[in-house]
Every structure is written in structure tokens, then in C-alpha cells.
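Have a look below at one chain only, the form predicted on its own, in C-alpha cells format.
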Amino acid sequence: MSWLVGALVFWAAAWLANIRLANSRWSETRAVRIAVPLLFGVTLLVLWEGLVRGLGVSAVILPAPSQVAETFAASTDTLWQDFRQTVFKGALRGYVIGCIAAFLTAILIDRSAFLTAGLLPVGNFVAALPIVGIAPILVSWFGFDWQSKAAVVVVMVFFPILVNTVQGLRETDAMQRDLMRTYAAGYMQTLIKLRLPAALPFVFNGLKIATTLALIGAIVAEYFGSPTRGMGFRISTGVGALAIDLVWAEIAVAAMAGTAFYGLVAWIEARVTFWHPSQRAKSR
């Protein structure tokens, strides 16, 4: 019970500290913006540890963070192999293929009123299909190796990027396009020098959404068939073997990978679209 009391006291103290930081005059500084979510995350872990230990929760139901950390440290080789299989071979390859295909399709839609009227509604329909229904079909088509996982990822990321890119290409107004025509600029010149730069914030918005979808798609696909490695495979077998601590270790790896992937795309966006008002506001 002392664990529970200590965790609650720490939670209350950290909560008050977070409120003070968020409402302080330094709330807009980079240090405080990092400290507030970091302290909040540590608070959740301490509260989790205290509740599990104080209430005597079985590790089969919910392991303590300390137990998950011990399993993580003892299973680094397995976790690294699963990470490589899921992220590098499945998620990343599918992400790249899906991004390229979505971008090229957006250019075609921009040039064709028929595709605008016909493909986008179909895209919205396909995007609404449950991934657990599509994944087993694609696994049966492409086999149990990384190709089927990449195919699921392509389906997951294609339409968010497509819709955002098409919307971005329509961002320029008629006066800007008329100005390009007065300079005798053709479609490709207008696209490269005017419309693509204006569309970049929308494109990166789709790319950031797709980072998390790519990892989710690869993990879900591994539930329906995989070599004897991969995050989805390990989570599925871990639940069956009641190795819940290993399952949480895999979840932690997936969370860190997704956060790092999103952060990388956001970092590239800040360097490429530094001129955009949203990026200038963040740099203050």
C-alpha cells in the first residue's frame, strides 16, 4: 500500500508542477514545452507502477513498468530483429511506395476532371474499409514475407497523402495562376514554381499522418501471417503465451519508432517549409 500512497503523492506534486509550468511566463519556451509532456509521462509511469504494486495486480493482467523495462533490457536482440522486420522491411518500404504512388496520382487527378470526380469518391470509400478485413486478403495475395506488409501499408497511407496533396495543389488562387500565364509559364512550370511550393504544407500534413498509419498497418498485417519475427508476430504469440511483459516491451518499441518517424518528417517539414507562417510561429 505504501507504493500506492507514494505514487499518488508524486502524481499530485507533479500535477501541480505541470500546472505552474504551463501557466508560467516561460510557458512558450522550448525547455518548458519539452519539460511539461516529459514530466507528465514520468508521472503516468510512476502512477502505473504504484497502482500495480499497491493493488497487487498480476503481471499477466498488467505488468509494472519496472518489469517491462527488465524484459526490454533482457530481450534487446529479439526486439531489434522484430524492429528491423516490421519497420525497415514492411512499414518503411510500404510508406515510400505509397507516398510516391499517391503523389503521382494526385498530379494526374489535378490534370483530369474525370479522375477528380471519379477517383476521389472511390478513394474515400476504400479509406473507410477496415484494415483487419483487407490485411488477410493482401497476405494471401503477396505471401507471408515483407511484400504483403508493404502492400497493407500502401493501402493505409495512399489516400491520406492523396487527399492532402490534391487539396494543396488547389491552394493557389486564380490571380496567382493568371500571373504565371502572363509570363507564358506552362503547366509544369506553374506546378513546380508556384503550386507545389504552396501545396507543401498540405503534403507534409499527409506525410505526418501516414507515419503512424504505416507502422500500424505493418503490425496488423503481421497478425495474419509473418516469418517468425516482427512486432505484430511477437505481440500475437506473446499474448498467447501470457508473456504480457514482452508484449508491452514491443508496444514501447513501436511507440518510440512511431514517434521518431513522425519527428523526422516534422523536422524535414520545418527545414523545407520554413517560409510558411505556421513554421515561423513555431520558431518564436
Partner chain sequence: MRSLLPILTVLAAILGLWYLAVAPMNIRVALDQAERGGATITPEGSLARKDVSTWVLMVRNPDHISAGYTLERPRLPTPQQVGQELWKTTGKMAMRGRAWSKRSLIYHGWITLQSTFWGFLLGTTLGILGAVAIVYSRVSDLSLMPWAIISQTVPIVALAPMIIVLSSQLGVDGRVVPKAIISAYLCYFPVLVGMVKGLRSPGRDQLDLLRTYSASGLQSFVKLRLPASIPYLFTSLKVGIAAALVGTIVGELPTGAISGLGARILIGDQFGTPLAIWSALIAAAILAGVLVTLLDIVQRLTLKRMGMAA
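As the structure is a prediction and not an experimental result, all values here were calculated from the model. Residue numbers count along the first chain shown, from 1.
The same protein also exists as the form predicted in complex with its partner chain; that form is not shown, yet it is the one meant from here on.
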Exercise. Does its partner chain get within 4.5 angstroms of any non-hydrogen atom of Val52 in the predicted complex?
Worked result: no
For this session: Mark Ile134 yes when one of its heavy atoms lies within 4.5 Å of a heavy atom of its partner chain in the predicted complex, and no otherwise.
Result: yes
For this session: Please check if Ala241 has a heavy atom lying within 4.5 Å of any heavy atom of its partner chain in the predicted complex.
Result: no
Exercise. Should Phe233 be classed as touching its partner chain in the predicted complex when contacts are defined as heavy atoms within 4.5 Å?
Worked result: no
Exercise. Picking from 189-197, 125-133, 160-168, 98-106, which part of the chain touches its partner chain in the predicted complex when contact means heavy atoms within 4.5 Å?
Worked result: 125-133
Exercise. So, Phe10, Trp146 and Arg229: all three within 4.5 Å of its partner chain in the predicted complex by heavy atoms, or not?
Worked result: no
Exercise. Mind listing which residues of 198-237 have a heavy atom within 4.5 Å of its partner chain in the predicted complex?
Worked result: Thr212, Leu215, Ile216, Ile219, Val220, Tyr223, Phe224, Ile235
Problem set entry | Distance trend in the predicted complex - C-alpha atoms of Phe261 and Val132, change of 3 Å or more | closer
Exercise. Do the C-alpha atoms of Ala210 and Val132 sit closer or farther apart in the predicted complex than they do here, given a shift of 3 Å or more?
Worked result: closer
